[in-house]
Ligand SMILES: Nc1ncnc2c1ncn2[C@@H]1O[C@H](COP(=O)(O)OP(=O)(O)OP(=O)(O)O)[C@@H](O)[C@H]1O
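In the form predicted alone, a lone chain appears below as structure tokens.
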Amino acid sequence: MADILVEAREASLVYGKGTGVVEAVARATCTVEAGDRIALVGPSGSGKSTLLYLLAGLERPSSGQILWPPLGDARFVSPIVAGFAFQSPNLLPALTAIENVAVPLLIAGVAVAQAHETAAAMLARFDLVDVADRYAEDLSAGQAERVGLARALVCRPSMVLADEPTGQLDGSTATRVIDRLLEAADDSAAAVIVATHDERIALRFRTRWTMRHGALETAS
């Protein structure tokens, strides 16, 4: 039986109060196991990003539970457990590309020299060697997106969650980036969940989850 990496049990997330209440995710129940390849699809505003945040421990559910065996109901999920690539890469502007990618390693206690060596190798995987010393504001949107993916993968996490990781890329580059993402995940036996609007990307994944109006449907 495959190892369970994260489990949602009737997890909901509600924003606002009174007449301004928005139920971003409504009673989601799902399980992510080692080696899973999941495409999360659905229209804009359906709750895809919010579900990823919950599964990564970046948001706490308003009700229900998110569990990361054997961590249980953890308050902090290590970058070794879950790597996250944001829809807007959220790079630190005061750092170069290689420094941004090294951050999760430093948080995990890796020495600076080793962290930079590992970060450089991950940048090379995504064809970003030439921009390693550029600051975030000097990167194109597509380059920043790939730096964000490299940062998510650099600790060889058990699970990688990526929110529209190819939204700023043309079709051929997007295909190549997904190839590299899946290759890197295979190297560490990581599960991958990708939220995407791109049907060509979704078809690359064995399992499809669909969200509608905050409700999650899981289907093969």
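These figures come from a predicted structure and were not determined experimentally. In this text, residue numbers run from 1 along the sequence as written.
Keep in mind that the form predicted in complex with the named molecule is missing from the display, and what follows is about it.
Next on the checklist: Considering non-hydrogen atoms and a 4.5 Å limit, which listed residue (Q87, T96, Q143, T118) is close to the named molecule in the model of the complex?
Outcome noted: Selected option: Q87.
Item to check | The single option of G35, P43, G167, G171 touching the named molecule in the model of the complex, heavy atom within 4.5 Å | outcome: After the contact test, the surviving option is P43.
Checklist entry - Has each of R9, W68 and P157 got a heavy atom lying within 4.5 angstroms of the named molecule in the model of the complex? => result The answer is no; none of R9, W68 and P157 reaches the named molecule.
Item to check | Location of the named molecule contact in the model of the complex, chosen stretch of 149 to 157, 45 to 53, 181 to 189, 27 to 35 [non-hydrogen atom, 4.5 Å] | outcome: Of the options, only 45 to 53 has residues within 4.5 Å of the partner.
Next on the checklist: When the contact criterion is heavy atoms within 4.5 Å, does R208 count as touching the named molecule in the model of the complex?
Outcome noted: Outside the cut-off, so no.
Checklist entry - Do R200 and the named molecule come within 4.5 Å of each other in the model of the complex, heavy atoms counted? => result Heavy-atom contact with the named molecule at 4.5 Å: absent for R200.
Next on the checklist: Using a 4.5 Å cut-off on any heavy atom, which residues of 10 to 36 would contact the named molecule in the model of the complex?
Outcome noted: Y15, V22, A24 sit within 4.5 Å of the partner.
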